[in-house]
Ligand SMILES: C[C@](O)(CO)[C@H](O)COP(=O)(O)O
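Below sits a lone chain in structure tokens, taken as the form predicted on its own.
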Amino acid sequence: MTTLAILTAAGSGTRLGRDVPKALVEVDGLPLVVHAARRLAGSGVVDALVVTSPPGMAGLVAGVLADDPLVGVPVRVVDGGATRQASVAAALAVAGPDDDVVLVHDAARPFAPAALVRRVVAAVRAGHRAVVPGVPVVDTIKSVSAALPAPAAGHGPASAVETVTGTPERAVLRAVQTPQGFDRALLARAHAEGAARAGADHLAATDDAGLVEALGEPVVVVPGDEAALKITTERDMHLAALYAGDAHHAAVAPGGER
């Protein structure tokens, strides 16, 4: 049996303010999608990749990956959908019959270490059918109600305010990362059950574990890694450049990365 990694790279990345899709933005001379694919392939536990590209750009993304000698597993590129959920469903539809474990990873987290990939796969193979990596939350978190109207003129700055409704205990909170790992049959069922949500951003699941949770199935958390940061803003690009220059994160041989 084999492990398939789905690498989502169909996002526009408008918050980065670039004129190319986020996955094709370069850090240290390489597109983010290549950095992410290298680390998945270099984990030694991924047998093949399916990459979702912006619609109409599958050929370009496939060429970028084919030209990289360190992406040493078979790669197939498919057009992504209108939402992340739809993109993952499109990639899952072309999974091979022997792919019993499926990872779902974001090209926006290009420096997730190979050791993290191995940790997630090991947990799925140990019998946990849905696995997410997570890191402890260090900030105090507040839940809030809907914004209240701005104060009247003459009574302070005209900005909306929100009322705090609670303070969750941060010891039981985790900031979730990718790659997330699943038993392939469970993930397929979760996407089938949640298919009606996939067409619109305000309805679509923000991660695949959420679809599994909606089935009432358990999801477990394994330790994440600070290097698996999500690139969303220009500030994140500066942090990404630091990881790109770190020899430990650049290593791709199995067992050679922390």
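Start at 1 with the first residue shown and count on from there. Everything quoted here is computed from the prediction, not taken from an experiment.
Keep in mind that the form predicted together with the named molecule is not shown, yet the notes after this line are about it.
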With the cut-off set at 4.5 Å between non-hydrogen atoms, does Val121 touch the named molecule in the model of the complex? no
Since only the chain is shown here, I'm wondering whether Arg84 would be in contact with the named molecule in the model of the complex (any heavy atom pair within 4.5 Å). yes
Does the 4.5 Å heavy atom contact test between Asp225 and the named molecule in the model of the complex come out positive? no
Though only this chain appears here, would Val176 touch the named molecule in the model of the complex if you measure heavy atom gaps against 4.5 Å? yes
Counting only non-hydrogen atoms, the one stretch of 205-213, 187-195, 41-49, 56-64 within 4.5 angstroms of the named molecule in the model of the complex is 205-213
Is every one of Arg125, Arg129 and Asp183 in contact with the named molecule in the model of the complex, taking contact as a heavy atom within 4.5 Å? no
Given a 4.5 Å distance limit between heavy atoms, list every residue of 73-112 close to the named molecule in the model of the complex, or none if there are none. Arg84, Asp106, Arg109
